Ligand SMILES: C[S@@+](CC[C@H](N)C(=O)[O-])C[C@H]1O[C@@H](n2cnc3c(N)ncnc32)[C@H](O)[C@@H]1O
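Here we start with a single chain on its own, the form predicted alone, put down as structure tokens.
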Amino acid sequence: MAAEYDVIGPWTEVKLDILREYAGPYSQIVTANGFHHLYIDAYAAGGAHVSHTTGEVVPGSPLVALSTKPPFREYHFIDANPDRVDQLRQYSGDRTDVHVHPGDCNEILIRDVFPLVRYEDRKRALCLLDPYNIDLSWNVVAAAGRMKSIEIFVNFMVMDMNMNVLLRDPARAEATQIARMDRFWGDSSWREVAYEVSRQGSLFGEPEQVKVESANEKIAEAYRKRLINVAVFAYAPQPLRFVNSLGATIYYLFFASPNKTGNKIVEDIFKKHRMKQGL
């Protein structure tokens, strides 16, 4: 049966370029320092995609990682979709260094994968957290930070947030959507960033909450600070913003690391891509 590939837009191709640009130097540095390093892909998909721009099959993040030189010592691919899991297993074949985990990454990472990356065992890992929405749990991010051995890329899908949670009138947001945002954020403090009391008040003279100006930027900066102050990563540079043809923000790509060198490399990569986007 022929593989069915997801069609990806140019923004996803940029994310793959960023992973490619960082994975090589990262692997080279940790290998030179004698660490046993892992690549972890929490939303691995099927391994390859079709470019919406060219119509060609392009390597997805698992194949980008597998082609990185020097190679990682272990690869851990996670996906909840059985068809994608089958594709990942076809790509990995009988390789003993590749491990495919079917199921919810929010459970698998904390229970099965992160414990393999103990700092004191001279283990290190690069983890890609690239969900299609805001269903990633903050517990995963916080667990990675506590390990002191894991660097992460996190995709914050603000489009999902804005469509379903961060409405101009907060009273219109459904409880289930608010719960998703609380889980992604780690608590309910995002409300303090996203909303303020209207100076005009309501028609009945009661205080009324309204969405703040530049909410996306303020939410992004608050999340970046959480990566440092709550998840205890040593470094979290300014995220890379991705916009559509109308200039609206689709998502932010964050990076967080316990390592100064990794932070500097990613800052340079993000800077280059900002210039390409004219941001």
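Residues carry their position along the shown sequence, with the first being 1. Everything numeric in this text was worked out from a predicted model, so none of it was measured.
The form predicted in complex with this ligand exists for this protein as well; it is not shown, and the discussion that follows is about that form.
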Let me know the one among Val98, Leu128, Ala142, Leu166 whose heavy atoms come within 4.5 Å of this ligand in the model of the complex, would you? Leu128
The one option of Ala45, Ala215, Ala236, Leu66 with any heavy atom within 4.5 Å of this ligand in the model of the complex is Ala45
Go through 187 to 195, 170 to 178, 142 to 150, 99 to 107 and give me the stretch that gets within 4.5 Å of this ligand in the model of the complex, heavy atoms only. 99 to 107
Exercise: Arg84 in contact with this ligand in the model of the complex, heavy atom 4.5 Å: yes
Non-hydrogen atom contact His49 with this ligand in the model of the complex at 4.5 angstroms: yes
Using a 4.5 Å heavy atom cut-off, state whether Val154 contacts this ligand in the model of the complex. no
Going by a heavy atom distance of 4.5 Å, is Ile78 a contact of this ligand in the model of the complex? yes
Do all of Leu16, Gly60 and Tyr132 end up near this ligand in the model of the complex, with near meaning a heavy atom within 4.5 Å? yes
Taking this ligand in the model of the complex, which residues of 227 to 258 have any heavy atom within 4.5 Å of it? none
